[in-house]
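First, one chain by itself in structure tokens, the form predicted on its own.
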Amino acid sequence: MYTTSDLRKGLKIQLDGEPYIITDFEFSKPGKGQALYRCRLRNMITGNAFDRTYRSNDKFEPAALEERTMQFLYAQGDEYNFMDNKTFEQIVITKDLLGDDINFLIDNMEVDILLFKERAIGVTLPNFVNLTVTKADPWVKGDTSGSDSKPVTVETGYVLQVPPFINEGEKIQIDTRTGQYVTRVKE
């Protein structure tokens, strides 16, 4: 059982028999009253989000989720196919359930699939992924008129801001939790 002091962004709890993830969290202590814990919750099955406020003596049931390591095989339309490397069982997860995680999936990548009552509801990506830059505007040495970053496109189609010295064909490391550039990868 979780208490309100355990609440934090990313915690998975179960409400009314369905799994929810806390996507935003704020603590406040107004004057004499009880402490308030404002949470933005997202249903992990439907994707619906709402705000809810809890008091310091509330308790929560952990979400009954199972994680299974699987390999991402391919995407076909809005369906993403994964395979369990031990049983060779294949499952399909829709683009809607994966959300922004599709920006970091590359073929043959191993990820943890989240299962709720034997139903796949999402993935847990590694914190960092290395992706190849497929489109980047050239940077001219001494060009200081622009900003200190530029947009590039990586092999999954994801667009992000990087330092101006990053060129097409280079590998960069991206933090999957924030979607931001971390460093250039040398091979």
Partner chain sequence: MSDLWGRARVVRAVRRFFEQRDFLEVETPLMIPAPAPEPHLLPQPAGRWFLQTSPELCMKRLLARGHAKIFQICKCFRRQERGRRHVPEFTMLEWYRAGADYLALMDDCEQLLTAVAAELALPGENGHQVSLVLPWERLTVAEAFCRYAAMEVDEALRRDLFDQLLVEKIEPHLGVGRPTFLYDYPLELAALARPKPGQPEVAERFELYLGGVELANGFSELIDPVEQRRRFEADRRLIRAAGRRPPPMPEPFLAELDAMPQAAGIALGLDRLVMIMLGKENIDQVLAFPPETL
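Note that the structure is a prediction, hence the values are computed from the model and not measured. Here the rigid core means the biggest group of C-alpha atoms that line up within 1.5 Å when the two forms are laid on top of each other. Positions refer to the first chain, counted from 1.
Another form, the form predicted together with the partner chain, is not on view; read the next lines as being about it.
When contacts are judged by a 4.5 Å heavy atom cut-off, E26 counts as touching the partner chain in the predicted complex. When contacts are judged by a 4.5 Å heavy atom cut-off, N43 does not count as touching the partner chain in the predicted complex. Interface residue remark: A64 is not counted as part of the site for the partner chain in the predicted complex, having no heavy atom within 4.5 Å.
The partner chain is not drawn, but in the predicted complex it has a heavy atom within 4.5 Å of R38. Residues with any non-hydrogen atom within 4.5 angstroms of the partner chain in the predicted complex fall in just one of 123 to 131, 64 to 72, 152 to 160, 50 to 58: 50 to 58. Once both forms are fitted on their rigid core, the CA atom of D24 lies 2 Å or more apart between the shown form and the other one. K9 is among the residues whose C-alpha shifts by 2 Å or more between the shown form and the other one once the rigid core is aligned.
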